[in-house]
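Subsequent text provides structure tokens for two forms of one protein chain, presented individually as structure 1 and structure 2.
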Structure 1
């Protein structure tokens, strides 16, 4: 029987000892005893170790080189292309319950199950132990996080996406206040993808500040630092009065002005979060996960928890996403996942270029017209295919991206995929109303999670998949956070996905720039607005001018009218859906106050105008701030 001594040589043992942390030793030894790797490799922050992981991913076949020397390609299994919500569960101590929306399993039986699955899972493979810091190093945002994995692809991705934290761990001085993640891809086939998908499990241990994940490779399931750490951080934040959110951070730069206004924005997966943060002319700090804290000066400060982007590649083309498209064609380090490879080049859906009729993709050898075992046509690349890049070489990275104090946030945006209800942009009437708008976010499902697409679902703060505390507690935390701030960010709601009667989008992808610039102007009191039951909307003359100046586009009165019509009946129906959806649980009093106030405003409006759809021009008479 393999012993720790056989797995761990002197050099690696000393790398553990250097950290002077008993908990780390204990965890590594316990997991190695269960998973039985052929070798334990402790990786520090050195270039040598980073290079080692990159090469290991290539030599063990989890990644392959593309024509461009710094580009590699990785495939996840055909049925491992999104987050597995069904098998992601919170371990719950006996006799405890959290909330209906949280998928749970009794802790002892859950641990027993996953330990059994993890048994021998790393046989013949190397156990890689890697140390990171969530948030800027040595800051009030920093959380240390250790990743144990047998996948060099996972370790390689995390090297690109997170800040190295081996030295930061040393500063913990033997404390166990860190997150840790154990992952095994499990048995692999000849394509080096996980075989035992039926035994895919992601179990979250809140008290232990750890997540165990097995039989998967797709990053949303396997990379501890990403959505697994987000869940642990939400738990921590809700006990410590700060926020851990599924948000971007960007610097907004109005035309012909020198100021920068920082925005955070929460959008469900595949609903425009990255592309908002990448709007031409603006600067990006992060595109996925943000911690927000009340700073000493009473302002809201936010920091990016990551240092890279794991972005959806579909529809990245020179017209819609020029910055990313250019980057993907540069010599910077990139991992492409689940795209088509032909002759050493990557191809994906919506790249705006002719693609070959044959190649290799997530289904193996691919040809146009190929069908899977269920009879479905296999597209050339998966809709949830991704690119993994570091932020530092992006031309639009914000100069304060690594600031230890984060940046002061002046606006928060909530947006969902909604074809028929919300206007493209509205400013909430107050912080509490904004929290209510975030809490009532709905969105049509996308390919970022496994399951049916296009179904309208509730998506509070675009964070529901990751909220591991009761919604009452989570929403209360938001309300309280606003009260404690000396100056509150202004909350806006957006909707990029309105459609006409024929199912065509009413807006082009570029239009989001106009909404964001209008919101930025509102932060600085530069525009008047029209008050509606769902918040303040732009005046035609202002938004048309923004379209002209920033996009060189004539925004017609007809477009404005169609997009900013207040769809009273749909909004009332939404309000009822929200009420029904949350009826199973008790929410904070402020939520109910906002909901009934909104209901009253909608009903009063309906009475006053006596119709279902009210043109903004009918409201344009008496603009108020």
Structure 2
């Protein structure tokens, strides 16, 4: 009978035996038997193995060097440019269900299907086995994760984005409490992109703490440690009373003060998440995924599970994103994905620089005016084109980014996008009210979606695509988490996208700094506030002073009034939308209590002021707030 040592040469077999973990051996043996690679390579934390992966990605054509020798470029297939929601499914035991928003498949039939697709998928290719740690090493946040892939691009990306964890795996002592991910890009064309996209599958096995993925290369589908690991962590967190969230962590530094206040923030796509985390003068710990846990002192601590950024490159330019733009033009290691390459240089949409008329992009040879088989114009760079970088070389990285205890979180921000309803910044009335605000997040679609502009999409905690437990359980865990804390972070809501009657934005992109600095001051009880039905809002004199000091900008009474007017009818309409949206499922009692209380406050306000739109100058200021 074939054994694991029959599949490995002596050097690689010893790397596995060194871990002393039968579960790891069993997984590798099973997947190698199915996928049939020409060779199995076990990679540890050494610089030698890290460099080997990068060179393999170049030699096999998955990446190419650019003019800057530390920069490479990778292309996903033309129809492999984003997360495949349709074919991403949770494997469930027969007869079990979760929620209607979760795409599922019966476990045994799902495994049978994907095993069949994976069969012989690695023939002629190397199986790369890589070990990582989600979260800081040797920490209460740490979760060990093993990646098996036949894509050197995937392994190279994860080397940049995550902490090496081979040594961490040694400490498991033959336990199987780790995540593992199996990926095959499948058959490739001459451009080294997956061709059998009709058989693309991403199946999530919650019981097995694993994800099986095949016939894709786009990182959201192929890099197991990213959004696929987020789903496994959400399942784990909701059974262990901690939170795994789609959030950034940033250090907020008020003007002329020496303190740092740590914020987490969840924003749906195109709502300002990364730009908030990268506000000038502030520091970043992470921009995408965090674990939140209750620390020994009863405070909320958070850690970034990643050590890099897989960021959208569209509109990164020296004016709006100076720190990232500077980094993308540095000599640091970078993987560019799905941008235009011409004469060894990368070009992307919105970079603030004139671009060539010809080059290579995700469609192959490209020229201005090129159309695809459907007749659609192909832009020079895909709108979801990306950059992959390590955080350690960013000039604004926080000094505690690698702290094994994480950082104490004093505020959580939920950011939505609407043109006519929510104020730019509001503090929740309580922890439970803040959870309700997060659960009620909405985001308007933009002109990038044909025929859909202005349509509101519901996105609870900006996490809907990744929640793999019933919403009742997910929201309940948030309420319970707050109750268990001795010191709760203050929850805020933001909206950077209010417009006037002509469709122009009421504030600029840079104004978000003022909202965040006001929130930081509220954490430290430095500002009074006005109580409204949807939360506490700033006084004009305070926010105007922040604008002057931090942005060197005059903030007029007229601007304040337009932005912080309480739009009662619009807020009531939102409350009704939220009620209708969740009508299909049972939610925690706290949710309904908060929804009912907010509805009553809004109706009472309307009766008291006898109008739909109430100026903040008409509202009472409570000096105790």
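Basically, rigid core = biggest C-alpha set you can superpose within 1.5 Å across the two forms. Positions refer to the first chain, counted from 1. A quick note: this is a predicted structure, and the numbers were derived from the prediction, not measured.
Student: Here are two forms of the same chain; which is the form predicted together with sulfopyruvate (SPV)?
Tutor: Structure 1, not 2.
Student: Using the rigid core as the reference frame, would you say residue 611 shifts its C-alpha by 2 Å or more between the two structures?
Tutor: Shift of 2 Å or more: yes.
Student: Please state whether residue 524 has a C-alpha shift of 2 Å or more between the two structures, with the rigid core used for the fit.
Tutor: After core superposition, the C-alpha of residue 524 moves less than 2 Å between the two structures.
Student: Can a Cα shift of no less than 2 Å be assigned to residue 367 between the two structures, given superposition on the rigid core?
Tutor: Comparing the forms between the two structures, which are aligned on their rigid core, residue 367 does not shift its C-alpha by 2 Å or more.
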